[in-house]
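Here we start with a single chain on its own, the form predicted on its own, put down as structure tokens.
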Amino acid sequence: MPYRVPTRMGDGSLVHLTPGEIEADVRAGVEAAVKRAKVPPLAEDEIEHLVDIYASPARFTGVDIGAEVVLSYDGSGAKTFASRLQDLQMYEQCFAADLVELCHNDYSFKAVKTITAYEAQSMRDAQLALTVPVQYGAMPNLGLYCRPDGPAPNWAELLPLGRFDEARAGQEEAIEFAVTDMVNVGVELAESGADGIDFDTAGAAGDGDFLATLRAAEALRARYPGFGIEIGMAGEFVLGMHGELEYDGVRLAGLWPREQLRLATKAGAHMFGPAVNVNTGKTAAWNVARACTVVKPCVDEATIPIHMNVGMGVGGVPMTTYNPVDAVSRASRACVDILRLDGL
């Protein structure tokens, strides 16, 4: 009977595959990325390296000594049952985090704007207690600005009815509200001493969501040239919920990581986090190979640090609440080794 290696599916379940089957999955993942994202394939030695990582029966793997990268964590101020400040201190002192993030449980700028003064004081306290950089994070979450939660018309209701002009107008109205909230929160947190702000899961509600993020980043960069601005994406390409929105003359709908990076850089981001979604029906090896192939052109031309989103359901990490260390360590090492990332 051929030797079988324990490995993972995209949903975290354990499967046993032969090294040959793992290699076939890696090559299929690369091919899927090339076909969908219109990017070059990985080199043969890169494919072989991915096969070596996933064909190993080791419980844990890691990069070589000297090849370590910066570790940044979104939402690290709300991960345990401790207070937010204690949570940040644990990430700094116990988990060796290089950058931590203060955030509120309702991780959206629309919700945070009503309590910004309290968040500013919490940021001030965190800056006095920690040594590592502390940024503030939340989602643009454009959907919260449409009815019944917000004032704008609900495009998710209008689009199925074929009322496209009204749906687009609703998104355009929501964008203005979102930009105002993101900039106002960013200003208050910058004044309180934050090292930066994280526009997390940008583009989750489509091209309008991404446009609001770019405009907010541009406004904050103009006001605070030295302020850290991170843009972390929600998915591998921008959904065209509006379809006609542009930034700097570039249509946003359908952009893949390389094109997303270009606009994020123009808007003033100092750090970019591409995200590639996991297919739960495929193996971890397939997913990582696809993710690396999609993101490689983005890293190759980047002029700002790239901290790829490698976590639950993105970057080759299975879509499950508590991920097994064998899956997380393999995805992390693969992305660092193949892409030469600045951080995770």
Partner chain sequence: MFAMPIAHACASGLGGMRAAGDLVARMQMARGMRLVEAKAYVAERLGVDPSELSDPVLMNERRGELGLGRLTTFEISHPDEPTAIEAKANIAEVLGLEIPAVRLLDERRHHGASLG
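Please read these numbers as outputs of a predicted model, since none were measured by experiment. Residue numbers count along the first chain shown, from 1.
Beyond what is shown, the protein has a form predicted together with the partner chain; the following relates to that form.
Residues Gly10, Ala43 and Trp286 are none of them found to lie within 4.5 Å of the partner chain in the predicted complex, as judged by heavy atom distances. Looking at Gln135, you'd find a heavy atom of it within 4.5 angstroms of the partner chain in the predicted complex. Although the partner is absent from this view, Arg4 stays clear of the partner chain in the predicted complex, with no non-hydrogen atom inside 4.5 angstroms. Taking the partner from elsewhere, Tyr91 is found to have a heavy atom lying within 4.5 Å of the partner chain in the predicted complex. In the predicted complex, at least one heavy atom of Leu128 sits within 4.5 Å of the partner chain.
Proximity to the partner chain in the predicted complex, taken as heavy atoms within 4.5 Å, picks out 185 to 193 from the listed stretches 146 to 154, 185 to 193, 110 to 118, 167 to 175. Among Arg163, Arg124, Lys266, Arg223, the residue placing a heavy atom within 4.5 Å of the partner chain in the predicted complex is Arg124.
Along 84 to 107, a non-hydrogen atom within 4.5 Å of the partner chain in the predicted complex is carried by Tyr91, Glu92, Gln93, Phe95, Ala96, Ala97, Asp98, Leu99, in order along the sequence.
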